[in-house]
Structures are given as C-alpha cells and as structure tokens.
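Just one chain is shown here, as structure tokens, and it is the form predicted alone.
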C-alpha cells in the first residue's frame, strides 16, 4: 500500500504544487533533499529547470545513486517535466552531464520554425495505449499543460505511451514497468491532470 510519496528536491522548484496534488489524493508528501532515501513508497522527480544543474545537485547529494537503486528494486518512480528528461542518458541542454539512464535515449532542443520556444501552452496529448487502467476516466486525446524547451528522443519505442505535436511529434509520456514519466505538468493541468495522477498512483499500487 502506498502511503508516503517522496518528492526529490534538486532546486528545480514547483515542489509545493505537486505536494499539494499528492496531499489532495490522500497520500503523504515528503520533500527529499539528500540521501539516503527512507520510508518512501513512491518517488517523484518534479519541476522545471536546467538539466545540468539538476543532475549536478543529485550527484552532489548522492541522490542520483539512491534513485537508481530505488528503480532497480522495482519501486515506483514518477517523472514530471524536467523529471522525464533526467531519466534519459543525456541532454543537449548540458552535453557534458550524464543523466540517470533509467531508460535509453537523449533529450534534444526544439528547432521549430515560426513557433516560440519554450513550448508554453495547453496542448493535445494523444495516448497510444488506449485500453488501460492508466486512462480510466480519460479520452484518447486530452489537453495538458506544457512548459519546456527540450523533449526526449526515446530509443525504446515500446515505452512511448503518448505523443504531442509542436512543430514535430514528440514523446510526451513514457511507461516502463515501475517508471512513469510525463513531459507535461500533471499538477498544473486541472481536473484531467489530477485524474491521470490518481490513475498513475493506482497503477503503482498494483506493482
């Protein structure tokens, strides 16, 4: 049973929004500032911010290895916005900094002609896997809120759960066993975001 949800603090902000959403769903949010990670049933990698700065903070506190261990033990991890980018191998935002490498792929910058970057708006998320408990109460296409300049290029195509178009079609959600991550902000996407967050937590309960 999931009770305590650890929210990793790597200086990317937005901790209070996701903490409030977790609290509304009936779980206990815990802000994690350093290792070791104790007594958490789920970890959340949240926030907006810089890939390099976030990884350097994780490395300096030992949380990078703690997160990898948590994942390797099959415990649930949710990445949101910057959080989805950190789980990949690398990012163009900080080419000399390694990511967590929980999944294979890299993060690249938008090169859209005529469209502003960062991508800041409500946009359509198209779910590829339609008959799943993760989408209970949701349609095949829903609007969610985005704030980002970079997006993931996923090597493992089978883990792509949803896509979005912004000059280019990009992966906006992945699901790989005990890892779920979204490029959009669940906690800033109103009722639909809260519903998907609730579904994800219920999915984690079944692991």
Partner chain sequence: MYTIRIIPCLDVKEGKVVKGIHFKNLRYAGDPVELAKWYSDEGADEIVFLDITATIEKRQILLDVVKRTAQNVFVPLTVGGGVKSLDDIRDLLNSGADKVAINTAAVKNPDFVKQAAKMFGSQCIVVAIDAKLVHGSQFTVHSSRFTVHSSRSKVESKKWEVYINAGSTPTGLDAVFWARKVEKLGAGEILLTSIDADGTNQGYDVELTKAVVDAVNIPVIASGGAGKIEHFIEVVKKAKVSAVLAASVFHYKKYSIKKVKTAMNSAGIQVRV
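Numbering follows the first chain given and starts at 1. Quantities reported herein were computed from a predicted structural model and do not represent experimental measurements.
Unshown form predicted together with the partner chain; subsequent notes refer to it.
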item	value
Partner proximity in the model of the complex: residue 147 to the partner chain, non-hydrogen atom cutoff 4.5 Å	yes
is_contact(residue 166, the partner chain) in the model of the complex, heavy atom dist at most 4.5 Å	yes
4.5 Å heavy atom contact, residue 17 to the partner chain in the model of the complex	yes
In the model of the complex, residue 108 touching the partner chain (heavy atom, 4.5 Å)	no
Which of 36-44, 139-147, 58-66, 176-184 sits within 4.5 Å of the partner chain in the model of the complex, heavy atom basis	139-147
Residues in 46-72 with any heavy atom within 4.5 Å of the partner chain in the model of the complex	48, 49, 50, 53
